[in-house]
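A single chain comes next, written as structure tokens; it is the form predicted alone.
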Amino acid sequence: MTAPLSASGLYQRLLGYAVPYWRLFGIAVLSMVLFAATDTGLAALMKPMLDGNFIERDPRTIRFVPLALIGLFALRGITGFITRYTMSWIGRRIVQELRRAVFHRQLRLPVRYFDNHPAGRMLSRLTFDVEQVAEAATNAVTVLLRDSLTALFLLLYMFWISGWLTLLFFVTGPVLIVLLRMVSRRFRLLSRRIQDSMGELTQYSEEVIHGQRLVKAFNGEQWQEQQFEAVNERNRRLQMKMAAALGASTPVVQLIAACVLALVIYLATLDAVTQQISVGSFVSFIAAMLLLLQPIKRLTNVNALIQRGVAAARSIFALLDETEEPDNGRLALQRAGGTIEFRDVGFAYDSDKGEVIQDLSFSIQQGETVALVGRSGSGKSTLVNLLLRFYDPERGSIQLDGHDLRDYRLADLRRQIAMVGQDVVLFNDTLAHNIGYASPQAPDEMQIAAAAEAAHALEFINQLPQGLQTRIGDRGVLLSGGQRQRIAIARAIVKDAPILVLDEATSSLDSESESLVQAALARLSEGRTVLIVAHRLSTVERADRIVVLEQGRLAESGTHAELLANNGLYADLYRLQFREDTADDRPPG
């Protein structure tokens, strides 16, 4: 990761997203200049209107002022529309680009990053934070440019009328600068806390939405509401602290400006001054001062918008600067043979908690079916994670066809492996899309139907109203567990990878579903190297070889019959499971 940027550096980097649209931005700036000039024009009209219309009764001035007033407001309307539309267009483009960049990086971050960062906070970056950044990059820039120009034009006009009266405004400059710096620090601190609070809200809501069945089953609604209310209340308090800081800073700035205005009005009534400027000039000066108050107010308020954007930008750019999943391999791989070898592999998720895999060595030959068994926590699923390069070994290496996995290009490596797990991940899309998801080229419906038939899924798919075009809901909630497993198998069939990983693929199924899934898996396994991770030992009896793990080490290896004859750890586990299964099948007494 790069070193953290300062607030100004973050804002400059943020504005860099607007650079590709500099032509449109130039049109917006020109519109802002003209818009800002209309306020000064309105104040300037006060002088001829009073002096020419009411005092001198000049006919040309009487005709000119109404037309000029209409022209000013027409120009103001046109330039205001152009400014708002162009800056909104740029803003939405920035939102699109940032979301694309964040989503792109999230897809390519290593698994370890997701282990340590809540999903809700990452979603908040994609939604809430990006909007805050876009506000700072467009709306805040609009206010800064347009209102700064408006204030500048009005001050120049006031200086032209009476230079020494205008100088009174500059007395307040240092006071306002000190005030704004103090408020900026406060806004920045509160903005960072609000970003974290929004991520916490999103995270908590997401967990409850996805776990709503568990909440209902355990009558946890009241407890969840209490927990949510605590999070919600923290967010409310932070928002109110921001509102208090914003609400206090604006009237202070306005009060300072009002004191200066009162002083100017008082001084302007002195005889020495009234002899130098006309009534129209004085009213025009006062009008310019009054018009100056609104830009000052907006410029004061925009600071909070900028600080929110800076806090959000810090969060977003921190993610964008994260190192992507390592992919330094240069070896191309069209289709692997399927020979896998683990050589003295050592691995720890957290070095403080010790290694979960220790000096593990064994091999799997091409076309062989090998089962990994052992107690919970023995490292079975960790080996699958290492094979797919979700993590890399800290010691030793894993070989595929004689080459270290890290030598292969990551996409090529993962194209060689199809996986069917216990926790099937399906998308809220059609069955056809979920089955064809893994194919590099979009398969036609005949290929998808053939895969579904091979997975014994077509029998229930044909009973659905839209068949393969049926949408299956969030995470496939509209399907049963057995149906989801068969869709996962069909997806693996379409992928047609030479290596198949079955991670507890039938552990949660009833007997009928398990029979169908086992039949589909048997067909899928033909001609492939198969690695089975299983807790239920009855599902691995037909494996060519069984590898037994104990605390991350190789305890024993052999066929089902050999391991039972050895009377070791596998035999103990098998007998224990057999007694449990017998007890479950015994009729109630």
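The first residue of the shown sequence is 1; numbering continues from there. The structure displayed is predicted, hence computed values, not measured ones.
The form predicted in complex with a small molecule exists for this protein as well; it is not shown, and the discussion that follows is about that form.
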Quick one: is residue 380 in contact with the small molecule in the predicted bound form, heavy atoms, 4.5 Å cut-off? yes
Please tell me whether any heavy atom belonging to residue 160 falls inside 4.5 Å of a heavy atom of the small molecule, as the geometry stands in the predicted bound form. no
Does any part of residue 122 reach within 4.5 Å of the small molecule in the predicted bound form? Heavy atoms only, please. no
Residue 335 within 4.5 Å of the small molecule in the predicted bound form, heavy atoms: no
Looking at heavy atoms inside 4.5 Å, which stretch does the small molecule contact in the predicted bound form, given the options 133-141, 464-472, 488-496, 372-380? 372-380
Would you say all of 115, 356 and 391 touch the small molecule in the predicted bound form, counting a heavy atom within 4.5 Å as a touch? yes
None of 85, 228, 349, 427 but one has a heavy atom within 4.5 Å of the small molecule in the predicted bound form; the exception is 349
